[in-house]
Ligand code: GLU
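Coming up is one lone chain in structure tokens, specifically the form predicted alone.
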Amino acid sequence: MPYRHSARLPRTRTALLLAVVGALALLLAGCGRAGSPPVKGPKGSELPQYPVVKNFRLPSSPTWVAAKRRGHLIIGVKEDQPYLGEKDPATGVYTGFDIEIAKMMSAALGFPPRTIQFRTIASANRETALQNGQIDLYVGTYTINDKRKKLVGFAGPYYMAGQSLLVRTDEHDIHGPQDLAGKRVCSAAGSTPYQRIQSEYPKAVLVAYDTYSVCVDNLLTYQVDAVTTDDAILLGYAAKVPRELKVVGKPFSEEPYGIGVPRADNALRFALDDALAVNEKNGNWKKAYDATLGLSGVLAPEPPPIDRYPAT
């Protein structure tokens, strides 16, 4: 049983784990349940500023026109991914690399980043939120693939991640996906990592939740043996409690992160592709990375080539 393991821990380690988990519950009380390690992100003064493009117009994009009438963009994001997309439960402020990409895109489309209305959307609900007009864009570790392209459009990619595994530091039997047979592995419902483990490593015992933060909480309390998702996300969690968590093995996939848009809105997609290219060239992309995801200790890679696939 999961808790039998924790009973065998040294007393000091058990106390530390209990303190960590207790802190999680307090810090994420605003989210309704325990979750990721304590919020620890960049200071506002360290983040780049994105000048708003003046007199920008995109009348061929119904999404942009609706946002212009409204006066701001509504952007779907994650709230529990350290250094990528994380919401401070005390202040309600979102931080992370994905949040900075969203701010870049807002400024490029003529909207001051401070006016963005961020909306937390679970992985399983991203396509529905875009199709129903609940959000204008989605920027939240959203892997581009052919199946999703049938449902939504993608600008980018703006980052290349790879699926990996997060385990406790006292775990010595899991070194890669080949070691998951009989192990309880947690991931987000509806996510690409969940689907890959299900299809390629069927002997793993899959556990699914709406958010990775709940998976990490269950990992810390010995209810699961590993958490799987993109290495960028897992590195953020491990960086917060390095004595308790570690990322193991090499990435076993390629996960190009894109900006989700309504499928028929090609004008918006192409405008975002242009904006990404400009911000990569002028150095804003790297500055945003260094101030957010770079805090995990991983140096900024080269941005992946933008895939300007034809209008559909």
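Everything numeric in this text was worked out from a predicted model, so none of it was measured. Don't overthink the numbering: it's just position in the shown sequence, from 1.
The same protein also has a form predicted in complex with the named molecule, omitted here; what follows describes it.
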| property | result |
| --- | --- |
| Per-stretch contact check against the named molecule in the predicted bound form, the hit in 108 to 116, 172 to 180, 200 to 208, 137 to 145 (non-hydrogen atom, 4.5 angstroms) | 137 to 145 |
| The unique member of S213, S164, S123, T95 whose heavy atoms fall within 4.5 Å of the named molecule in the predicted bound form | S123 |
| Among the candidates D217, E79, D225, D230, the residue which, in the predicted bound form, approaches the named molecule to within 4.5 Å (heavy atoms) | D230 |
| Distance check, W64 to the named molecule in the predicted bound form, heavy atom within 4.5 Å | no |
| Contact flag, D265 vs the named molecule in the predicted bound form, heavy atom cut 4.5 Å | no |
| Residue contact check: Y257 to the named molecule in the predicted bound form, 4.5 Å heavy atom | yes |
| Close approach of P193 to the named molecule in the predicted bound form, 4.5 Å, heavy atom | yes |
